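Heads up, what comes next is one protein chain in two forms, each shown on its own as structure tokens, labelled structure 1 and structure 2.
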Structure 1
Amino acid sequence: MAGKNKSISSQAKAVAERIHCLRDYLDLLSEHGQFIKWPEAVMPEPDIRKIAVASGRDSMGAPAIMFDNIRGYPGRRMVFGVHGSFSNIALLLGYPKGTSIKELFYELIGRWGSDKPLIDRIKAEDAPVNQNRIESDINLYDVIPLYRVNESDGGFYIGKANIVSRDPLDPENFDKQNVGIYRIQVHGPDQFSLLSVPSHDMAHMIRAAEAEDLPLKIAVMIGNHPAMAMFAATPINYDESEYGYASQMMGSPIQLTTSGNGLDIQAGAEIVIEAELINNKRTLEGPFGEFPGSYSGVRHVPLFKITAISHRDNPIFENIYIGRGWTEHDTLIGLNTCAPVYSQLKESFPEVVAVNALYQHGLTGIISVKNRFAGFAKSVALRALSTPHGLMYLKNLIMVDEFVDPFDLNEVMWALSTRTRASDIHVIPNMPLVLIDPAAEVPGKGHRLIIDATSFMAPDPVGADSKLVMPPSGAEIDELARMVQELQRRAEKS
């Protein structure tokens, strides 16, 4: 992927060097008031769900929340919202909380395409995840406080695990080791199903194992390095390692060790479940409240048998609330959805300034671009539709001028209100579309909508009163905005 190979700031480096696992990140969040422990006992349902929905209202500032008093699960603890706000993401990237989404977007873009993978190997006996090991009488409920995320889910889900697997046809190849986030439904004390989109790496491995009747061993890592949680969901090529990618993005090494079943796992993970595919066996899975804000249906899905569980002392079950937005899922994958679309567009059109594809994994995107000539933004929109992510996701596209911050919806609404004419709205029907879009007329097909909300240019007729006010902008104004916030904070304290 194209990148500018920008060096990481010294502050970002300092943050990266102190974070090796979830606990380190929670410490950092705590220092900045971004991590709280829930003060009362909660029932697994519906309390956890209600608190998660309430905290999700604040996409800029919500803290991570830990429950350590869950009724019926004495001594067990869980955390959600670790990536639940842009302030949490800002701290991970070495920025102060409250940093604008646009600044974080540029930081992420700048980190792309740098350095080689940074991996620290830790001996299995020294890895915190191996402090405890269960190989017989396995019962997930003894280790993980499982609960129903949304009220009509088909069961109890683990929604934020990093799952590592190796190509069963090429098991020695580190680069063909896949780490991804796939939803897991528990089907008993030692069994679970795993849902992979048929085109994803995991599905490729399942098909290969079953076709050749080979074992497919996997490790499910729960409570992970915060960069792994963020970047394991980023689409990269089949022969690129997610571990390498996450370490590059952080600018510091990821600590790996070997699991009991021979896979590379994070040494500081809270819990690692080792499991094996039960070849050709399927179970009913779902429904599950997914990120478009509706339930996916019930399907037959592959089933895995747990062979061992390793966990740290007093392990933390990290999970995610996902449902109708805004949820942690949107913050977790939002910037990573924007960045590849931007970098692919930028290769063809240097006039592209920023891409906001935060909404429902990019079902709606807002692109700011400097018009080279009248109608140019519409051509850029068509190019966006043919990027790998755009092909299936970018359904609604709003094009705005280069001076409009696409992450600031007040500015976007200004553009829609004052720049859009009927002839600027284009609908392309019967296009390919991601299966899970609930608005699709048939699953897999749908419309594309382009709204060109950029300014008028000759030979277009230029409207009356068309001379724009150009208020001061740029780094100086960003700095002044920060100063206002800081003065406000001080005023609050005094």
Structure 2
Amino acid sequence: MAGKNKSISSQAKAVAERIHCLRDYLDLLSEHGQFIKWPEAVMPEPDIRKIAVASGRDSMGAPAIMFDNIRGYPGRRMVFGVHGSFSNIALLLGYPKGTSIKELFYELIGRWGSDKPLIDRIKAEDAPVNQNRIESDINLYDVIPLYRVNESDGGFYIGKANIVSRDPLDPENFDKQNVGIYRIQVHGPDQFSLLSVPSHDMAHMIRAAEAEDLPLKIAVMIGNHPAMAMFAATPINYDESEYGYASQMMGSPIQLTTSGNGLDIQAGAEIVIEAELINNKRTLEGPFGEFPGSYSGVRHVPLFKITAISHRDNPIFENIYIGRGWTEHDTLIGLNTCAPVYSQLKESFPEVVAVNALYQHGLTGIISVKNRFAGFAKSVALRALSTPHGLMYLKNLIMVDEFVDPFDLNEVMWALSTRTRASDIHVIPNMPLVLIDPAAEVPGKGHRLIIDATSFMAPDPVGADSKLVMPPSGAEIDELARMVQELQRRAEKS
């Protein structure tokens, strides 16, 4: 996917240059009314969960929320909703609040392309994350205000950490240094489990370490640069750097330092937990209320031993609410799931116009494409299923014409209603599928559904006498729509 990004606006560059860590981003959000502090003392459960659910009802405008009076955790702070709305994402990209999802998508893919890292190296002794260090008598419960994300979770979970690991067979290769988001269940003061599906980079590294009896050290970064939180969940190739993509997308360097166990970590992270895989040791993990909106069950997963903890003064624990959508999970990874799938498809099929994979981490995707001939859209759909993300996640695909906005579900429903025939629906059984899909036949195995809702093309004889109504579109209509919105805002103020 290496290539050349489009130029980033001066406003976006100004935002990128002022943000080096989570605290900088919270300051930016605060300036725009997108960050609040909860005024009352809260119980970790159920208060935080209830507030997260209430806030998540506003996917366009919900603020980040800080809790600094948590019963049972005196002096501890936590924040959620940092990426909880598309307005927060817009501000990160240098756009105003209320920018449409479609506009943010095209901005994101316009920047997509280069993974050459832009890095500022900070000496370990100068890095804020190393202001405090714990190497003995480690007790995670003393550092983080832990709680169950959903009421029937099997334990305390950390849901939004950036986890750094190096390929145990190629540890000096920076590009193979993975930064991913994997759910972590705490199993004691100095132990936790980590879940990754077979296609994830972390799973590959665990298999390699255990097969060769090699050490696998990781660093769990909590409270991160907002761009890193986005791109740690982005499905890019194994040898592409998340640090590289995040820095290139922002157009400004990411500040890194070296962890005590030799990994590249964010210098401004709030908390870093250093740990090592206990080879060939498994523990029971779950249940956990996952993004499909159901509990994921219990399974045996790898176990890690904590070796040290570093943290800033007065650290902020950043966590996320995950459950039946819409939640921060969806706004956090929605756009940056769309972008790589679009980029990978575009290499093979320049006719692809847009990809909407916002829903449940892309379990359902909508792809708009300019048809070349009958059956062409189905071929594009099959290519989407072979992308790194599509391999395990893209379960239901709806293909629409290039003039159908895949981010406008009214237009998508029109296409489904008027373009789809029974012969345009295809089910492919016995396919790999993410373990936590509740509709899977067995965990890790299921179907693919392709619905071709594109217009009929030769040599298809059906529909040749039905001429479509093509309403005016383009830059002029976009400008008129903005004018209508501006006049409406003025009317509201008058």
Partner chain sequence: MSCPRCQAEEKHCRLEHEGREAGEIIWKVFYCQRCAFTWRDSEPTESIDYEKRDEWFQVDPDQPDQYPHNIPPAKLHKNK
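Quick note, the numbers are simply positions in structure 1, starting from 1. Computed from a prediction, not measured in an experiment: that's the story for all the values here. What we label the rigid core is the largest C-alpha set whose atoms superpose within 1.5 Å from one form to the other.
- For the form predicted alone, the corresponding chain is the one labelled structure 2.
- If you fit the rigid core between structure 1 and structure 2, you'll see the Cα of Lys217 move by less than 2 angstroms.
- Once the rigid core is used as the reference frame, the Cα position of Pro429 differs between structure 1 and structure 2 by 2 Å or more.
- For Leu263, the Cα coordinates differ by under 2 angstroms between structure 1 and structure 2 after the core has been superposed.
- Core fit done between structure 1 and structure 2; CA of Pro388 shifted by 4.9 Å.
- Relative to the superposed core, Ala374 has its Cα moved 8.2 Å between structure 1 and structure 2.
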